[in-house]
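For reference, the chain that follows is the form predicted alone, supplied as structure tokens.
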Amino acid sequence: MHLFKNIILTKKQYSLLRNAVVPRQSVFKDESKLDINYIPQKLPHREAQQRLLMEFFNFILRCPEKMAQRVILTGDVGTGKTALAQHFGAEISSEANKRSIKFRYVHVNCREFRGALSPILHRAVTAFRPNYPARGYGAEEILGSLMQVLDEENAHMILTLDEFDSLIEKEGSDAVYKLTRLQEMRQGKPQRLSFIFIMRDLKAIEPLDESAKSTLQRSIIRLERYGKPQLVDILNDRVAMAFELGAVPEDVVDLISELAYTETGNARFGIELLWRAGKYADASDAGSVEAECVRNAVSAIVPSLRRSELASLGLHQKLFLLAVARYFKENKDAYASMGEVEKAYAVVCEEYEETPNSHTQLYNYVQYLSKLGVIKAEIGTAETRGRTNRISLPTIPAVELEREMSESLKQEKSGAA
């Protein structure tokens, strides 16, 4: 007997039922891959530095008691210093384990302990002795305990001190000297402790006295800022791991890469922006990460809409910006050609009963508005039309810009009347 044979739903009932039963799917597949602490299995464009680190420390795998090493990793924010060190730490730990070498890689952020040496060293000791007392011992005593533990365990350690400049500020030359000249106080004993020091700028070591400074400047690896193509590769890797297939269009990755590149090539900023844009996509049930999601995300991080500057624009500059806002509001593309924006501008001029200005004048508007940071223009290569201006609205939501320009034009028109 078919109990549901004669059930007939109205169109409205069917719509309500469908929306209740089938919720919009998230754009994310695994958003944890965008977490700041996630270390991917491969680091695009840091392979050479990874190999160099392994060269510096491969004695741990061949003759671990014969020598120790000190390496400085330096570079701007978002150049991958921490990720590189932790990725290397996992790699050398795995190799040491295969060879039955007792080894620990310990990564400590000095800023987390306000640059104080004692709690930093305590963290290192607890890698072998979890119950080691947190209080009651000075830095020199804890350092002695660390070496005693390494001797007892017949073990070796690389201690990475991230944001090392905060330790220098807090503790000065004496602390650096104790760490780097440690082996001189252990004459005839195995060398068991090596260091990686991470800092943004080598200027941080300038206040140190010459004896402390000389022990640091032996092996330095500088991480240069990422270029835009490199950022595209990095973000595409994260997109593949974190998002559903097709959820992030190529032009959106390109837009985020451009924004990260303007932030001194900061890959961390780009990854965070990618995550935030995904959250805006889910919140609006967009089904994919659109350029407007990116604009909403970046405007929440870096407020870009300066009303005083927009209010001082000329009439046709405002009309042009209104056209840009409407184009990106109506289209999901991250970029527009100059021709597409000119058509939108002509429509806006007709609406406001204004005669459109020439192409040359519009080009001047683009240059000026780019300098203000309201829009971004670049020269792109089109296969059939040669060189053409490509315009984007990187940091201001199109909806917000449209509202501001419409209100400003309304006031200007009413004042003129």
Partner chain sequence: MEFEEVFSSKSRMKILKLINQLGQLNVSDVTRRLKLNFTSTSEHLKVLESEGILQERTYGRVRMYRFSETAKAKAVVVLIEAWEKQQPAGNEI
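No experiment lies behind these values; they were computed from the predicted model shown. Numbering follows the first chain given and starts at 1.
If you look for the form predicted in complex with the partner chain, you will not find it shown, but the lines that follow are about it.
Trainee: Is residue 133 near the partner chain? Define near as a heavy atom within 4.5 Å, in the predicted bound form.
Mentor: Yes, contact at 4.5 Å.
Trainee: Does residue 195 make contact with the partner chain in the predicted bound form, using a 4.5 Å heavy atom cut-off?
Mentor: Heavy-atom contact with the partner chain at 4.5 Å: absent for residue 195.
Trainee: Please tell me whether any heavy atom belonging to residue 103 falls inside 4.5 Å of a heavy atom of the partner chain, as the geometry stands in the predicted bound form.
Mentor: Answer no; every heavy atom of residue 103 is more than 4.5 Å from the partner chain in the predicted bound form.
Trainee: Applying a 4.5 Å heavy atom distance criterion, does residue 152 contact the partner chain in the predicted bound form?
Mentor: Contact check for residue 152: yes, within 4.5 Å of the partner chain in the predicted bound form.
Trainee: Let me know the one among 145, 296, 191, 317 whose heavy atoms come within 4.5 Å of the partner chain in the predicted bound form, would you?
Mentor: None of the others qualify; the residue that does is 145.
Trainee: Work out which of 137, 261, 280, 335 lies within 4.5 Å of the partner chain in the predicted bound form, going by heavy atoms.
Mentor: Answer to the contact question: 137.
Trainee: Would you mind picking out the stretch of 232-240, 88-96, 74-82, 124-132 that comes within 4.5 angstroms of the partner chain in the predicted bound form, counting non-hydrogen atoms?
Mentor: Careful reading of the contacts points to 124-132.
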